[in-house]
Ligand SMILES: Cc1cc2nc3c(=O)[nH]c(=O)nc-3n(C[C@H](O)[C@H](O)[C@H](O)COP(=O)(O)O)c2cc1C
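In structure tokens, one chain follows: the form predicted alone.
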Amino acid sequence: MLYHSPLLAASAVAAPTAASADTRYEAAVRQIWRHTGAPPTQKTALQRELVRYATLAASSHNTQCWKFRLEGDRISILPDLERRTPVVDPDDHHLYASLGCATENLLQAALAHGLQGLVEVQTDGSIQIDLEPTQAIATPLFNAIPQRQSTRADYDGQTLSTGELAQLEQAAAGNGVNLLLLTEKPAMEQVLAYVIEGSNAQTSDPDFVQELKSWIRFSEREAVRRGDGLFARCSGNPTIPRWLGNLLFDQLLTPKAEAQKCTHHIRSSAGIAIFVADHDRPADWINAGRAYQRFALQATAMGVRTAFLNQPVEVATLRPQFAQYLGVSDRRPDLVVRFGRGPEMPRSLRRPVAAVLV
């Protein structure tokens, strides 16, 4: 039966506007995901550029839950509690891990510009990085910063070599964080079972769904205007107006659909990396984020993609069972990451440096 679709009609009418929004999105990507041209010679300008590199780090839901303060030869990173996600992250674990990711990016960028960063975590959860002159070294991790992304797509299913796995382990080592690498299919299937159980719990929780939806950016226009959140195309979804996204999101985000997606994602991956800090405190969550960011940058330098699958550590009732399965029941598993080779996906955006300075 032939019928007139209001959605198709609206799309046709809005085509020129959508094309313009797409052009602005692509321009924003080019401006954000890049290396510095000529290094700034003025100290404040250089520090602002280091902050820009820091903002290219991973953060939960791409909340960019950080603020930066420039103080002489020090850059402080502070939690932005207005960007909390209290449903999925009630104790701010992911928030502080995100600060660790930003810290590691900043340290790599500082070294490339002839500055060594000395890190000290304060009792209030802020991070002080004192900068001292040193020999400039542009490491492979620094070079990978503008290419890194959380790639939410199927990978090619191919294994990594022993040497490649060793490079990933070496990158993540240090700061009191242990890395568990699972590459055998039975172990990955067991993690998949935990991921699906956690996903089922989350997608059945209206509060979780509502919070997640609030961080989805359904269109190029919305992504560019907000500069944060999860752009629909980053997950392989079509772009649609916010009003339509609000209508469809609850219908499409079902336990069955998410379980199928997680199954494809894990079974197409080369392995799963699980980060476990020695202790369960904000300073240790920051260190877990730093370890993940080094791991992700090293993976990027090798042409390997990464993406989070944190459901087993986000659902509080499931986390102890997952820890027991991993053999770390005396500690808290911090982050779960799949890795493998796969396609580059559209990129999330970032807010300008001026918006994160205090």
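On a predicted model such as this, the values are computed, not experimentally measured, just so you know. Counting begins at 1, following the sequence as shown.
Just so you know, the form predicted in complex with the ligand exists too; it's not on screen, but the next bit is about it.
State the residue from A223, L106, A97, V195 whose non-hydrogen atoms include one within 4.5 Å of the ligand in the predicted complex.
Selected residue: A97.
Select from the listed residues N175, S219, T85, S150 the one whose heavy atoms reach within 4.5 Å of the ligand in the predicted complex.
None of the others qualify; the residue that does is S150.
Does the ligand come within 4.5 Å of a heavy atom in each of M188, A273 and R332 in the predicted complex?
No: no residue has a heavy atom within 4.5 Å of the partner.
Of the listed stretches (250-258, 97-105, 68-76, 166-174), which one has a non-hydrogen atom within 4.5 Å of the ligand in the predicted complex?
Of the stretches listed, the one contacting the partner is 97-105.
So, H61 and the ligand: in the predicted complex, are they within 4.5 Å at any heavy atom pair?
Looking in the predicted complex, residue contacts with the ligand include H61, since a heavy atom lies within 4.5 Å.
When the contact criterion is heavy atoms within 4.5 Å, does L230 count as touching the ligand in the predicted complex?
Yes - in the predicted complex, heavy atoms of L230 and the ligand come within 4.5 Å of each other.
Answer yes if any heavy atom of Y325 is within 4.5 Å of a heavy atom of the ligand in the predicted complex; otherwise answer no.
No - in the predicted complex, heavy atoms of Y325 and the ligand never come within 4.5 Å of each other.
When the contact criterion is heavy atoms within 4.5 Å, does N310 count as touching the ligand in the predicted complex?
Although the ligand is absent here, N310 would touch it in the predicted complex, with heavy atoms inside 4.5 Å.
Using a 4.5 Å cut-off on heavy atoms, what residues in 183-208 are near the ligand in the predicted complex?
Stretch hits: zero.
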